[in-house]
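Only one chain is included here, represented as structure tokens and corresponding to the form predicted alone.
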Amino acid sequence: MTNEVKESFGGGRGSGDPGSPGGSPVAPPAPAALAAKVRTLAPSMTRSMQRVAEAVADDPAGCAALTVTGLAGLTGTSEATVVRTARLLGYPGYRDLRLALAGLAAQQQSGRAPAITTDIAVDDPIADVVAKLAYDEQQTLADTAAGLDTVQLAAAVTALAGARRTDVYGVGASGLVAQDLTQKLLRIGLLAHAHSDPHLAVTNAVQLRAGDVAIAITHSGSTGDVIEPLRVAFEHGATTVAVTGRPDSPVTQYADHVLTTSTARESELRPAAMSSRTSQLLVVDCLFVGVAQRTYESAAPALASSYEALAHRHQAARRGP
């Protein structure tokens, strides 16, 4: 067994979560979050690591009974690959992963069935489409909630609550989420701007400094039009946040705080943008509610004022022409 495997199998000092900036030690994911972690990180893994991840997610009870050598043999990989997979999933070593697998197996045996994603077929009746989409979105939200680093979330909320201004970057479906966040922040009296034009995003990022916040929303984590303004904001001293489905993607190297989203399995009739938007909106809502809590004394009157300002429009709509 290699030194790397011995060190990791024995536990010892916790290594940093791959999704945590600076590699600061964090608690391993709870057993319930393991399947969510696998679904989120599998697309960015090597094929051999995917085999290990899929094995532990598909049969947690069976894999919990295996040594690191046994799991390597079962998946046709090496002990080092098993250990690297455990680390990428957020566990200091294989022993910690086995404990999580045992916990997950116990949960499933107590009546919690494993999640199954069902593809939508071209000839599905509309009732089946509704049911399948609802199931997938529920799973996406549950996975995102289970995998969300609440320490990183709390730090991002603190930065937003005290920010002089907030810039949010996103394009395509992520741009719609960026607009949603800025509208929420504006409703509670905070200065926020959403930038979908990459040129405007960069020219605005140049004006940011310490005490400001820049948020990049990108499922892939590799969208250049989003990474560039975040990099500029980072270099100018702003606190930076990345909301992404890939915690090891390029955008995270310029992020002080990383908030990881999950998605359902992509299919022909369900592109990644659909489920990524669902999970991103959950994270945005968590940020907004957290900020509203921190700034309640000013947020509550601001919300009341905005409702009052629009009340006559809602009343006119009810009365009709």
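These numbers come from a predicted model, not from an experiment. Sequential numbering from 1, following the sequence displayed. If you superpose the two forms and keep the largest set of C-alpha atoms that fall within 1.5 Å, you have the rigid core.
Omitted from view is the form predicted in complex with the DNA, to which the following refers.
Trainee: Under a 4.5 Å heavy atom criterion, is Met49 part of the interface with the DNA in the model of the complex?
Mentor: So Met49 counts as contacting the DNA.
Trainee: Does any heavy atom of Arg98 come within 4.5 Å of a heavy atom of the DNA in the model of the complex?
Mentor: Yes, Arg98 is a contact residue.
Trainee: Is Thr81 near the DNA? Define near as a heavy atom within 4.5 Å, in the model of the complex.
Mentor: So Thr81 counts as contacting the DNA.
Trainee: I'd like to know whether Arg87 contacts the DNA in the model of the complex, with contact meaning heavy atoms within 4.5 angstroms.
Mentor: So Arg87 counts as contacting the DNA.
Trainee: Partner absent here, but in the model of the complex, which of 89-97, 121-129, 199-207, 168-176 has residues with a heavy atom within 4.5 Å of the DNA?
Mentor: Only one stretch qualifies here: 89-97.
Trainee: Would you mind picking the one in Val38, Val258, Leu287, Val68 that has a heavy atom within 4.5 Å of the DNA in the model of the complex?
Mentor: Only one listed residue qualifies here, and that residue is Val68.
Trainee: Given that the DNA is left out here, which of Thr77, Thr223, Thr182, Gln139 has a heavy atom within 4.5 Å of it in the model of the complex?
Mentor: Among Thr77, Thr223, Thr182, Gln139, a heavy atom within 4.5 Å of the DNA in the model of the complex occurs only for Thr77.
Trainee: For Thr244, decide whether the Cα shift between this form and the one not shown is 2 Å or greater, given a superposition on the rigid core.
Mentor: False for Thr244: its C-alpha shift is below 2 Å.
Trainee: How about Thr295 - superposed on the rigid core, does its CA move between this form and the one not shown by 2 Å or more?
Mentor: The answer is no, as the C-alpha of Thr295 shifts between this form and the one not shown by less than 2 Å after core alignment.
Trainee: Does His195 move appreciably between this form and the one not shown, meaning a CA displacement of 2 Å or more on the superposed rigid core?
Mentor: Result for His195: no, shift under 2 Å.
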